[in-house]
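Presented as structure tokens, the chain that follows is alone, the form predicted alone.
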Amino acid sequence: MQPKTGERPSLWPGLLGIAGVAVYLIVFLMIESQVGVAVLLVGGAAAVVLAARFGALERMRTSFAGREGSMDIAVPAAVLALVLVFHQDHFTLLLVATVMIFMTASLGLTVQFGFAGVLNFAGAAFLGIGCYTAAVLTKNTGLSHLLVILAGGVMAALIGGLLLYPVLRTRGHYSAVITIAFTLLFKTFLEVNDALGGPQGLRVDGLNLFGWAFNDNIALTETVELSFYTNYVLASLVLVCLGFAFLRRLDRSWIGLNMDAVRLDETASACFGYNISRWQITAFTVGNFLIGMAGALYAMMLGFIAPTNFTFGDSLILVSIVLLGGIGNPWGIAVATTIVIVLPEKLQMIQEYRFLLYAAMVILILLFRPRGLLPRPLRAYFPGWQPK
């Protein structure tokens, strides 16, 4: 039944859709059998196809039109439901936190790829800069760990400035090659630098905010404890929510409008007086700042980092997330990150071939669905506004 003209669609289809996805993820994460995982994957794909065929997906999408606040509450609530179900499962909570940290890093690439059209295949290197910044500062200084996370972002943005000149002086695949070369050089630099642990890597102190040690289990009662990874899930949830809010406001601002103009047609933008370099530098710097903050939190959660964590293959993971989700759409990033991070962990048979899977995924997406699973919608400066 279609809503009458001027009547707002019901919110229930969207809420039921989010609840259904949360239940599906809970069951998917609980299943250990490889056959069971495969059956769930096939069933989930069939459910999506049927929902699209009968218009359920469109009803879910329109139910949140003009109600972004409701979706902003419903999605974190679904994450908290996951935490409650797996409150003592270290591995699952680590996986959930990793998904949200990679989501934050991918949001940084979204600013670069999706908003300004700046290519960056060095995402893992900037993630590593944030990680090593956290390792050095937690080991050698008494700086607040909240400031350490911010410092990880600042350091990634500053070092990214070294790439700005060659990136801005080239176009297309040439600038992509420059960022790939930076990733390779960064890994080599880490391996030969004994001050940064060399090939053995560095130990990183756990996050501690205002006396709250994140590496300690949370004792609710004498018999009930929450896994210490619950702390990191909550911290990564806060970080990704801030990233989402920032990207949404950036997209609707005059800065986002200028970046869009540069991405769509640099020549036409220059003819109308746009400073192309200014907006590309802004996007590159802001994106690397988000990636660096994600890296700092990631390092403190892992407790140990090494150069092998930041290879070009890891950059390919971030690129495949952005392409799969839909360039420029933050909600697409959320879906794609869950698929790319969780799927290889649950399907152990493809664990050793995951980089082959990512490469194949990038090729298939570019060939058959270049706009991604959730293409970027038309920009909405005034959510909920309808012409009369």
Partner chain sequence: MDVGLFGQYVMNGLMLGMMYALVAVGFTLFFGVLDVINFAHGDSLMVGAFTGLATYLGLRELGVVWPAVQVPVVLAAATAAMAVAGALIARYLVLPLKSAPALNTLLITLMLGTVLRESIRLFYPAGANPKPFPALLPAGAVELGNFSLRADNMLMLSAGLVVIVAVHLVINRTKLGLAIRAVAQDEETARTMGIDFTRIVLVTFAIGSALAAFAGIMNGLYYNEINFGIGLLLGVIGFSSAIIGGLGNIYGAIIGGFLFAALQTIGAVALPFASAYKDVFAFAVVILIMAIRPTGLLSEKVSERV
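Everything quoted here is computed from the prediction, not taken from an experiment. Positions refer to the first chain, counted from 1.
There is another form of the same protein, the form predicted together with the partner chain; it is not shown, and what comes next is about it.
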property: Of 147, 219, 84, 184, the one that lies within 4.5 Å of the partner chain in the predicted bound form (heavy atoms); result: 184
property: 212, 189, 304, 91 - the one with a heavy atom within 4.5 Å of the partner chain in the predicted bound form; result: 189
property: Heavy atom contact within 4.5 Å of the partner chain in the predicted bound form, the stretch among 222-230, 111-119, 93-101, 289-297; result: 111-119
property: Partner contact for residue 58 in the predicted bound form: the partner chain, 4.5 angstroms, heavy atom; result: no
property: The partner chain contact at residue 359 in the predicted bound form, heavy atom, 4.5 Å; result: yes
property: 4.5 angstroms heavy atom contact with the partner chain in the predicted bound form for residue 320; result: yes
property: Contact of residue 167 with the partner chain in the predicted bound form (heavy atom, 4.5 Å); result: yes
property: Output flag, 163, 352 and 366 jointly within 4.5 Å of the partner chain in the predicted bound form, heavy atom basis; result: yes
